[in-house]
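Listed next as structure tokens is one chain, alone, in the form predicted on its own.
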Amino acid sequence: MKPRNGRRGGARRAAPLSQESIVVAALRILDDEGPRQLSMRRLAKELSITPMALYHHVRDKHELLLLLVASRSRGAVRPVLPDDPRERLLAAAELLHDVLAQYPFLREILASPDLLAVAALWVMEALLDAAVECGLTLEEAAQAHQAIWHYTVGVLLIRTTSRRHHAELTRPTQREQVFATLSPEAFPRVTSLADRWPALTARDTHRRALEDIVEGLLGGRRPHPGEHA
């Protein structure tokens, strides 16, 4: 009789069920089928168990996703950051983006503080340290981190959502349809950019925007000399 999960299904139950085996199965679904197919029910089927048995090991999908982040973060090499505090702040902000960009399956919990604690706590420390060395108080550094965090999460959410939406479209976007009907007299700026809007908004301006944000956050602050350990 053929195993219900296909040719590989019968071999999966040889090892005892554990969080490690659950993470391996979840990563297999992500790699083979994509993040939209990962659910607790689909994972239970992959493991040839009932959803209730799965919940004995993983509380919910939120905990599952955090386990996946921890698994993929384990052993990651930390790059050497610049000595100059302003450049280090920018580099840490870029690292925050790069770390989160590794996990497109985390769209639904990107706003969770647990995600940062698990995946990028060392990046958070580097960013705060650099901000303080740039002349901010620790409280101001926390606010700077929050501003950079919100910008980064927004960029990633918009990017992943837009890519998925465009991949599924079989018609011009709603924006393109609306732009085509606008009067140049009523909307001179918008109509002058309408044809170029997709190309302009598709540009990767992450670094430039980060520089603008950091410049605004720091203003004329002078770095504290000799504080970097």
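Bear in mind the structure is a predicted one, so any value in this text is a computation, not a measurement. Numbers for residues come from their place in the sequence shown, where the first is 1.
Here the subject shifts to the form predicted together with the DNA, a form of this protein not shown in this document.
For the three residues Ile49, Met52 and Lys61, a heavy atom within 4.5 Å of the DNA turns up in the predicted bound form in every case.
Note on the partner interface in the predicted bound form: the residue among Ser39, Thr201, Thr191, Ser162 having a heavy atom within 4.5 angstroms of the DNA is Ser39.
Put simply, Ala25 is far from the DNA in the predicted bound form: not one heavy atom of it is within 4.5 Å. Proximity of Leu210 to the DNA in the predicted bound form: non-hydrogen atoms within 4.5 Å are absent; the residue sits far from the partner.
In the predicted bound form, no heavy atom of Gly216 sits within 4.5 Å of the DNA. In the predicted bound form, Gly220 stays away from the DNA, with no heavy atom inside 4.5 Å. Stretch-level contact analysis of 52 to 60, 175 to 183, 191 to 199, 66 to 74 against the DNA in the predicted bound form, using heavy atoms and a 4.5 Å limit, identifies 52 to 60.
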